[in-house]
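Shown next as structure tokens: one chain only, the form predicted on its own.
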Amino acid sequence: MNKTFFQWLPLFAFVVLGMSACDKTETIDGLGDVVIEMDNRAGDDELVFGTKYVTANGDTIQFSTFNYFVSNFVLVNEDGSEYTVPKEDCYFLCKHEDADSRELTLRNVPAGNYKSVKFTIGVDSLKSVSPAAERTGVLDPTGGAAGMYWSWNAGYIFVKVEGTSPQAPIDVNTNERTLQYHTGLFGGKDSPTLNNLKKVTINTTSETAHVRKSHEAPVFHLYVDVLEMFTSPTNINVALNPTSHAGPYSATVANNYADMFTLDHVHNHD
């Protein structure tokens, strides 16, 4: 074989390897989706309606309703830059009995590696006081938000928890030992009220969420622990406080559920 060929062979191999490396270089541009998966829990266990769970105060509860609004999502890139999801695409009502409602898709997110997700528990004041025609879908009080809106108080119920407990007093209307926590209030429209809107920040610890136009959407898998609503910073005593709506005690409930969201893992489809 020609000696010149062997002289050029190392250079040829170097060029081929270099071209191969270039082919593997990823271009991070375009748009992709992000999924936020809400996995409802009761402490270390899966939340199952009708199952008995024990709170930090020692009260036994069987849950029958667990609904919550989340909104105003912001994604934080690994370089510290933030992407704010357009407001009109950023309101979700999660219901425990509806698994589909707990898989949230944030669409057309700029490609990047996202290390944090921020959001609000509840419906912000601007949307709460906007004209009815601007509150559609899950925000429609007569439609998607039915049962999650106080018509008498002109406001959304941010978190709704109902159930029964042997520690609760007997409800004279139902003859059952029921508990009911309907928490809302955004600060008031015509006069001041409590502001029970809570902001949440979820940080990744190892793997960021990889958003790419050519990849399936990454998933932030979050645990949502309903028992956190009954503890830290205040252990709720069901016997003393079996109900809470728009009164002062709602601030205690809201301060407790502010930390009920935690990250289980990030799932990428690279």
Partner chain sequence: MNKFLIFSLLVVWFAACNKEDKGNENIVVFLPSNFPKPVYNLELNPVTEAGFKLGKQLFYDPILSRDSTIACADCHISFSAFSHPDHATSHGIDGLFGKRNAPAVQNLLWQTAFFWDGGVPDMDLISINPIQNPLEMDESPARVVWKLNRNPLYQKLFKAAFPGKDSIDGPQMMQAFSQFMAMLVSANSRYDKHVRNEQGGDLNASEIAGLQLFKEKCSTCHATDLFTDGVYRNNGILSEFTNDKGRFEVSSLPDDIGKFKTPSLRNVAVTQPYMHNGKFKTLESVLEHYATGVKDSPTLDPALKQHGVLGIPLSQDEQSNLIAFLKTLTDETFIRDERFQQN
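What you see is a predicted model; the values in this text were computed from it and never measured. Residue numbers count along the first chain shown, from 1.
The following text describes the form predicted together with the partner chain, which does not appear among the structures shown.
- Heavy atoms of Asp140 reach within 4.5 Å of the partner chain in the predicted bound form, making it an interface residue.
- Under a 4.5 angstroms non-hydrogen atom cutoff, the partner chain in the predicted bound form has Ala246 among its neighbouring residues.
- Put simply, Ser101 is far from the partner chain in the predicted bound form: not one heavy atom of it is within 4.5 Å.
- Using a 4.5 angstroms threshold between heavy atoms, Asn72 stays clear of the partner chain in the predicted bound form.
- Shown here without its partner, the chain carries Thr205, His215 and Leu263, none of which come within 4.5 Å of the partner chain in the predicted bound form through any heavy atom.
- Comment: 183-191 is the region of 114-122, 88-96, 183-191, 159-167 lying near the partner chain in the predicted bound form, near meaning a non-hydrogen atom within 4.5 Å.
- The single contact residue among Ser81, Thr84, Ser151, Thr174, judged by any heavy atom lying within 4.5 Å of the partner chain in the predicted bound form, is Ser151.
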